[in-house]
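There is one chain below, alone, in structure tokens, taken in the form predicted alone.
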Amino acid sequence: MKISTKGRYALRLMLDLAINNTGEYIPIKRIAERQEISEKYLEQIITQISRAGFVRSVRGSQGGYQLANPPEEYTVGMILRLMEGELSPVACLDEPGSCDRADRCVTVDVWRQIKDAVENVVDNITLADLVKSYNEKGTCEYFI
């Protein structure tokens, strides 16, 4: 299972908003510059994030984005699922009846354990945890 560029960039965008949360709206251009990501690509990502209600936006010269809720309320899993869909290594875990062999499949238990392990990690790390890690490491660049 791989997390797409879109999923990784969405997490970086949300983390950037959390780290730079001063109460002011942050222009997507500044986020793009800090993260060294195409502004156009971030605009596509922020649209999806905004529709989900994860951020608030204001238009205009003083416009930009900010988190809609405190960083403690966003898990890595929430952000990745928004961009990626379910985090299962195989479709049969999310689509019952999609496999003719489900009733006799031995490997489905392996896939379920992998899914559970991934979910246990991403659902227990918040943006606040990542901000804390960022602050502990200093002001170096961060990559996800």
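Since we're looking at a predicted model, the values are computed, not measured. Heads up: residue numbers just count along the shown sequence, starting at 1.
Keep in mind the form predicted in complex with the DNA is missing from the figure; the text below concerns it.
- The contact residue chosen from Asp116, Glu43, Glu86, Glu95 relative to the DNA in the model of the complex is Glu43, the criterion being a non-hydrogen atom within 4.5 angstroms.
- The contact with the DNA in the model of the complex, taken as any heavy atom within 4.5 Å, belongs to Ile26 out of Leu80, Ala32, Ile26, Val90.
- Using a 4.5 Å cutoff between non-hydrogen atoms, Val58 counts as a contact of the DNA in the model of the complex.
- The DNA is not shown here, and in the model of the complex it never comes within 4.5 Å of any heavy atom of Phe54.
- Shown alone here, Gly63 lies within 4.5 Å of the DNA in the model of the complex, counting heavy atoms only.
- The DNA is not shown here, and in the model of the complex it never comes within 4.5 Å of any heavy atom of Asn69.
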